[in-house]
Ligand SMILES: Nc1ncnc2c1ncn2[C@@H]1O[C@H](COP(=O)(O)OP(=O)(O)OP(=O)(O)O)[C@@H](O)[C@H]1O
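Shown below, as C-alpha cells, is a lone chain in the form predicted alone; questions about how it binds or moves come after it.
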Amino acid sequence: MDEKQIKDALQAVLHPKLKKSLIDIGMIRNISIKGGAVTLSLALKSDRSPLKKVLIGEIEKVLGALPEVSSVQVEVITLSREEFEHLFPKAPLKGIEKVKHFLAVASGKGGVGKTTIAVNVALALAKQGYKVGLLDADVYGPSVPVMLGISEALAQEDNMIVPKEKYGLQIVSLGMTAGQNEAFIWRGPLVSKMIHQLLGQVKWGELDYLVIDLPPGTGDPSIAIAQALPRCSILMITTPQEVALADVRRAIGLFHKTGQTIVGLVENMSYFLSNQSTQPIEIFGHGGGKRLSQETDIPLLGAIPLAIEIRQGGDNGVPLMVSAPDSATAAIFQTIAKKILDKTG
C-alpha cells in the first residue's frame, strides 16, 4: 500500500459546500503510512468547525474499506487566513463591484483635518480625469455634507442608495440620511453593519477611486473597512506635534496587522504663512511628519499649510480645490493625488 492508493481512495471525500475533493483543494495533508496504520492532517477553519466530525467520519469510512488499512488517525490543523480566503473568497459587496481602487483616509487622532484632506484629495483625483466617489464613513460625526454644502437627503432606487453628485464626485454620508443636528449612537456590531451598508447598498457604479473618510482612532469602523476591503489602500494624516504622532503610530500598527497597504503620510497644519513675514510660522512644531516617515518607512506625500482659504472652504461648502484650484495649496493637493496614482494605479 502506498500514498497514491490512499489519495485515490480519498478522492471520494468531498467538501459539502465546494463539492470538490478534499485532496484536490489541499485540505488533506501530511499522509503517513506505517504498516497498516494511516495518519493524516485535515485542515479546517478551526478545531471547532461543524464539519470536523462529518469529514473525519467520511475519511475513516473510505480508508477503513481498504483491506490493507488497519487503523486511521486524523489530526485537525488550522487553515491560515490566506488559505481560507483563497478557498472561500467573499462575494464582493454588490454596490462596489465596479470600483477599481479604494483609498481610506485615516488618523489615530481627531482634529487633524482628516476630512478636509479626504475631500480635497478626492477632488484632486477627479480633476485629473478619474471617476471618484467619496464615502463619509465617520459614523460618529459625519461632516462631509457641511464641507460640500449638501443639505438634501439621499434618495433610494431599487432598494439601493443613490449617491449625490457634486463637484464631479459621487457622495454618500450618514449626515445625508438624518438631521445634521441629530446624535449618532453606534455600538459594537451595529458599526460594522452600517459600514457594510454604506459600501454594499449604494449605487456607486463604475468608479476609478472610492475615497473613504474614516473616523479617528482604531475602533470598529476602521476594523470593519479592513475586513470588508482587504485591498483598500490607506492614506495616514498627522500634524507635526508629538501627541498626534503617537496616535498615528497606533493606527499604522492596526493597518499593518490587518494587511492593508499604507500609501503614504500627509502632514496637515504644517505651517502658517503670515502677511507680515516671509518665514513660515510652525504653530504645531516642526518636522513631525518627516520623522514619522523615516521611522516607519512610509513616504511623506506632502505638507499642507494652515490656510485661511481651507477653513473658509470647509465652512461655506466650497472646498479649496473648487474655490482656489490654481492656488499654491491646491498644487500641493494635486501633487499628493499624483503620488497616490503612481502607487495605486
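A quick note: this is a predicted structure, and the numbers were derived from the prediction, not measured. Numbering starts at 1 and follows the sequence shown.
Beyond what is shown, the protein has a form predicted together with this ligand; the following relates to that form.
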Check whether G317 has any heavy atom within 4.5 Å of a heavy atom of this ligand in the model of the complex, and answer yes or no.
-> no
In the model of the complex, does A307 have a heavy atom within 4.5 Å of this ligand?
-> yes
Does at least one non-hydrogen atom of L148 fall within 4.5 angstroms of this ligand in the model of the complex?
-> no
Though only this chain appears here, would S173 touch this ligand in the model of the complex if you measure heavy atom gaps against 4.5 Å?
-> no
Non-hydrogen atom within 4.5 angstroms of this ligand in the model of the complex for each of S233, L341 and G345 = no
If we take heavy atoms and a 4.5 Å cut-off, which stretch out of 125-133, 261-269, 156-164, 79-87 is in contact with this ligand in the model of the complex?
-> 261-269
Could you tell me which one of A104, I252, V121, V112 places a heavy atom within 4.5 Å of this ligand in the model of the complex?
-> V112
In the model of the complex, the residue from K52, R311, R29, K45 that sits within 4.5 Å of this ligand by heavy atoms = R311
